[in-house]
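In the C-alpha cells that follow, a single protein chain appears in two forms: structure 1, then structure 2.
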Structure 1
C-alpha cells in the first residue's frame, strides 16, 4: 500500500509540468516521450528534467520531443537532434568523450583536492604545535607554581 502511494506521488509530480495539450493520444508514444523527457535536463532549471520543469524552454523541448516521435524518429534520433541543438549538457548522462571529460572527472578532482587541503591543514597544525607534548623543566616549574597558587587560593 505504501509503495503504491509513493509511486502515485512520484507520478503526480512528473505529470505536474506536462500540460494537457502536450499529451499525445497514442499511449505508446506518450510513454516514450516521458522516458526521453525524464533524461533531458532543462537548460534553464539545470538540475530538473524537462518533464517536470515549468520553464518555457522546457515546454518547447517537450513539444519538440513529441513532434520528433510523431514524425517517426527513434529515441536515439530524438536525443541526437536535441544534443545537436543544445549540446551534451542537456543530457543527464552525457557520453564519455573528449568534450565531456570535465563533466565526468570534475567531482573526483574536487574531492581529491579537498582531501589534499584537509591533510595539509592537519599537517600544518601538527607542525605549529610542535608535535612534542612534553614540557620543558622551566614550563614544569611554571605549571607547578600556577597549580600551587590555584589550590592554595581554593583553600582560603
Structure 2
C-alpha cells in the first residue's frame, strides 16, 4: 500500500501538463518537443512554460510544436514559427539583438563598475593605513605616558 502510494507520488511529479494524447510515438521527437516547450512562455499565465501550463492556448501551442517537428522542422524553425506569431516575448531566453543588448550586457557592466568601485575603496584605505608601521620615538613617549596615566587611574 505504502509502496503504491510512493510510486503514485513520483508519477504525479513527473507528468506535468502534457496530456497523454499529445505525446508523440517517436521518443526522440517527443524529447525535442519537451525541450522546446520548456523554453516557450505561456501567453496566458506568463511566467509558466507551455510545458507545464494547463491553459488552452498552451495546449494548442504544444500540439503545434509537435506538429512542426513531425513535419520535419528543426528546433530553430519551430522557435521562429512561434516567435513570428507571438514575438520574442514567448522565449524564456531572449535572443541577442539590438533591442536586447542592454539586457544581456547590464550584469557585466554592473559587475565591472562594482569591481572598479571596490578596487578604489581598497586602494584608498591602503593609502591611509600604509607607510611606517613602527612608532617613532616621540610616539613611543606619548604612548608610554598615556598607558601610565591609565594604569595609575585604575589603581585609585
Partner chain sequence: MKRFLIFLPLCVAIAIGLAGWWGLNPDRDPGSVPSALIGQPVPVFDLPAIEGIGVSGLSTQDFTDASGPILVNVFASWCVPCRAEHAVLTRMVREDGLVLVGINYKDKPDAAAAWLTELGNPYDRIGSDETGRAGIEWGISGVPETFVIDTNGIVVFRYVGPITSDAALANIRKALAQAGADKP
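It should be emphasised that the depicted structure is a prediction, and the values quoted were computed from it without experimental measurement. If you superpose the two forms and keep the largest set of C-alpha atoms that fall within 1.5 Å, you have the rigid core. Residue numbers count along the first chain shown, from 1.
Note: the form predicted together with its partner chain is the second of the two, structure 2. After superposing the rigid core, the C-alpha of residue 100 moves by 2 Å or more between the two structures. Once the core is aligned between the two structures, the alpha carbon position of residue 111 differs by 13.1 Å; this is the C-alpha shift at that site.
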